[in-house]
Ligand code: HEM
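Presented below, as structure tokens, is a lone chain in the form predicted on its own.
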């Protein structure tokens, strides 16, 4: 993982250096312009910003949409419920659906590392000063002491204080954008592909492993093109 991070940082640094000579209408060029106009971003800082945007602003939302779509496809009654709401223009259910999909199978399994500032006992385990502590967000979002029927997908769940975007001072700054992207993507799929369904058995799906993120490698689906009586495509 360390090697991969270093290679990515090296690639982004080279990209920013190259972009300085060929600015365009893109995000990296925007970062360079901001630096040149007085924001005082070094190339290393700009590369760090690009890395965070890629990791926190792209990977998370892609996996939210993929995981969420799979959860819907595996729960046909809830899928039909949301599809009917989208067709009827029910924005309220679309909003609670995104929150429930974040709780049910969110893209971020673990919080970033914390380190104990003093010795303590946590959950019956001794933690010494300086020890790393990993918070498993996915487990917290399935906590039966907090959520009724935690393993059930309920798109209308009202009491849903999930940790998909973190909490407190660590709450995700991009949460409003991620919500908008997920709502737009899911609504568009359900409107355009009303009979969308899995094209493989769930056990055939493959997941991308990692220390924090959880997402599908691919999500094969079948659907009938609108206005076309041909066989389903996938």
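Numbering follows the first chain given and starts at 1. It should be emphasised that the depicted structure is a prediction, and the values quoted were computed from it without experimental measurement.
Quick note: we don't show the form predicted in complex with the ligand, though the next part is all about it.
By the heavy atom within 4.5 Å rule, which residue out of 34, 56, 180, 199 makes contact with the ligand in the predicted complex?
Among 34, 56, 180, 199, a heavy atom within 4.5 Å of the ligand in the predicted complex occurs only for 56.
Only one of 73, 111, 140, 93 gets a heavy atom within 4.5 Å of the ligand in the predicted complex. Which one?
Spelling it out, the residue with a heavy atom inside the cut-off is 111.
State yes or no: in the predicted complex, is some non-hydrogen atom of residue 47 no more than 4.5 angstroms from a non-hydrogen atom of the ligand?
Outside the cut-off, so no.
Taking the shortest heavy atom distance, is residue 64 within 4.5 Å of the ligand in the predicted complex?
Yes, residue 64 sits close enough to the ligand in the predicted complex that at least one of its heavy atoms falls within 4.5 Å.
Verify the contact flag for residue 30: yes if a non-hydrogen atom of it lies within 4.5 Å of a non-hydrogen atom of the ligand in the predicted complex, no if not.
Output for residue 30 is no: heavy atoms all beyond 4.5 Å of the ligand.
For residue 205, is any heavy atom within 4.5 Å of the ligand in the predicted complex, or not?
Residue 205: no contact with the ligand in the predicted complex.
So which stretch, 118 to 126, 103 to 111, 74 to 82, 142 to 150, is the one near the ligand in the predicted complex (non-hydrogen atoms, 4.5 Å)?
Flagged stretch: 103 to 111.
Go through 165 to 192 residue by residue and record those having a heavy atom within 4.5 Å of the ligand in the predicted complex; state none if no residue qualifies.
Residues within 4.5 Å: 165, 166, 169, 170, 171, 172, 173, 174, 177, 178.
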